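The chain below stands alone, shown as structure tokens; this is the form predicted on its own.
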Amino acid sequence: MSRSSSALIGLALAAALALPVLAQSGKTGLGRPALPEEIQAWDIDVRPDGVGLPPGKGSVKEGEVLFLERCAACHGEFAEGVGRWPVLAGGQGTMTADRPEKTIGSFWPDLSTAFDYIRRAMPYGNAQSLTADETYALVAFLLNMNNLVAEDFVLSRENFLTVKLPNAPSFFDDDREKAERHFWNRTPCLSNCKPDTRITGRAAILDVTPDGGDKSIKVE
């Protein structure tokens, strides 16, 4: 065994022996406390009640320019979607249809969802490159494309909560603890729970259903 190998083994043993001492003292010897600016860089979520919104403002007109430059390649010039990329506008009145068009104006309950997602993840491939003003402007443009605000509208932190999305009343708090309690079982079945399990329907859009089932509607 070479001297270098012996030295490495010695260091490893010393480190292993030191671990219990570090654990007993409440220290791991790894990392450091996050700096306030580092925490701030990660803490960018926006809640439905407006908490987390940054100062700033942006108009529909400003958003239109930005959208055409940075978003239209995927979402279309009018937010109508391109190829398999999401449709962001339209779809009002389709929630009861067999294939509802789920957009900001037809489905989403809170405007903060749009702002938070755009600020956090868009544009595709260049996430978090938008300023607060640019994000406000893009959201304002999308509201206009959904016929929810006028062309001269300016969105800001101050008036953000005044914008109500049409489908918000259709959402409600999770009430399963009360509504479904009678289904709960202290000894749930983990094997042989049903004598016959078979596929009786297939996915309507994506081919994700395993082979072997017929094409009826129900899945049992």
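Small disclaimer: the values here were computed from a predicted structure and weren't measured. Numbers for residues come from their place in the sequence shown, where the first is 1.
One more form of this protein exists, namely the form predicted together with a small molecule; it is left out here, but the text below deals with it.
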Identify which of A127, C74, M95, A132 has a heavy atom within 4.5 Å of the small molecule in the model of the complex; exactly one of them does. C74
Is there a heavy atom of M122 no more than 4.5 Å from a heavy atom of the small molecule in the model of the complex? yes
Can you tell me whether I104 touches the small molecule? I mean in the model of the complex, with a 4.5 angstroms heavy atom cut-off. yes
In the model of the complex, is there a heavy atom of the small molecule that lies within 4.5 Å of any heavy atom of L88, even though the partner is absent here? yes
Does any heavy atom of F153 come within 4.5 Å of a heavy atom of the small molecule in the model of the complex? no
